[in-house]
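Quick heads-up: it's one chain on its own, the form predicted on its own, in structure tokens.
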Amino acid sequence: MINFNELTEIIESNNSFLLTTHVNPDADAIGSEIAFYQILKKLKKEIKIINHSAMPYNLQFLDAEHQIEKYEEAKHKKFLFEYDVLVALDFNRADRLVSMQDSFTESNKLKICIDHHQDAELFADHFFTGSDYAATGHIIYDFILKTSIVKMNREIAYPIYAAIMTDTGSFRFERTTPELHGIVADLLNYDIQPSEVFNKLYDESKLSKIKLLGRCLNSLQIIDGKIGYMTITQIDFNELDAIESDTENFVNHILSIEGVKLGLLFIELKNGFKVSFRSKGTLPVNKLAAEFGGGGHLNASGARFRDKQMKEMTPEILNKAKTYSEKHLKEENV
């Protein structure tokens, strides 16, 4: 159970807060940053939001006040050593900060982590985490509900709604409970239009993203009828003028195929590559991702490989995926 009173004490006893989130942020990451920013703003705190990655174009609407800055060492490093509290939102491993990692970990300032993923790395002083939550935005909602630290308003409710909606797969994933629907019903009381949020997130894509999806789907391969994988290369990005954040949710298309229980999306980066893992049922892709230094949720996880070649490692990763799939099938039939 999260000790929200401790979080309240930290907020009340400090004046300046630097918020950050993981590389290639999604709507839960950005929504949580903005919601927490609005809480601190109401409490008249000094706040900065600095991320390694540039803001994805489809999430810019969440940052109406243009508070989020992309990290530049010469400009921003000093703030990690000056602000009273460093707040890590929606991630639980320091390497997810990429260019900000060294300064974040070296800073002697108080560090807190607010997150809903499993298997946290001990990189902060205080952890306000729970994997039973549907999203980090869900934790922030619960924090307000249980402490009344501020009064909920539209500026807080809107990003929380976007965070919860996306991290539940538009309310279809396992953590979509009756309680969560009650929370969403409460959030909608703050003049939030679900269709508007959905359209901004998913129905205003650039043509380059749609073309990238087409090329990605064309790469689809199926193994033993149960595992599917797709590949995106740097050539694809360059030829189509697409960006890494365009690949958000591409991997979910694999699980829409009849009989497929495990999906992998290989994405070649300028330095190394990353893999998104998705599964159905109780097949633990978080454990599969952990085999390669990654992590996440039971059915949705990822791993990042720096200074390694995607082509060289793909067979090893697929073989490990087959092992997990076969083991899970045997356990199901016991």
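The numbering used is simple: start at 1 and walk along the sequence shown. Here the structure is a predicted model, which is why all the values come from computation and not from measurement.
Quick note: we don't show the form predicted together with guanosine-5'-monophosphate (5GP), though the next part is all about it.
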Quick one: is residue 279 in contact with guanosine-5'-monophosphate (5GP) in the model of the complex, heavy atoms, 4.5 Å cut-off?
no
Is there a heavy atom of residue 303 no more than 4.5 Å from a heavy atom of guanosine-5'-monophosphate (5GP) in the model of the complex?
yes
For residue 138, is any heavy atom within 4.5 Å of guanosine-5'-monophosphate (5GP) in the model of the complex, or not?
no
I'd like to check something about residue 56: if you look in the model of the complex, is any of its heavy atoms closer than or equal to 4.5 Å to a heavy atom of guanosine-5'-monophosphate (5GP)?
no
Which among 90-98, 255-263, 195-203, 126-134 is in contact with guanosine-5'-monophosphate (5GP) in the model of the complex, heavy atoms within 4.5 angstroms?
90-98
So which of 45, 48, 52, 274 reaches within 4.5 angstroms of guanosine-5'-monophosphate (5GP) in the model of the complex, heavy atom to heavy atom?
274
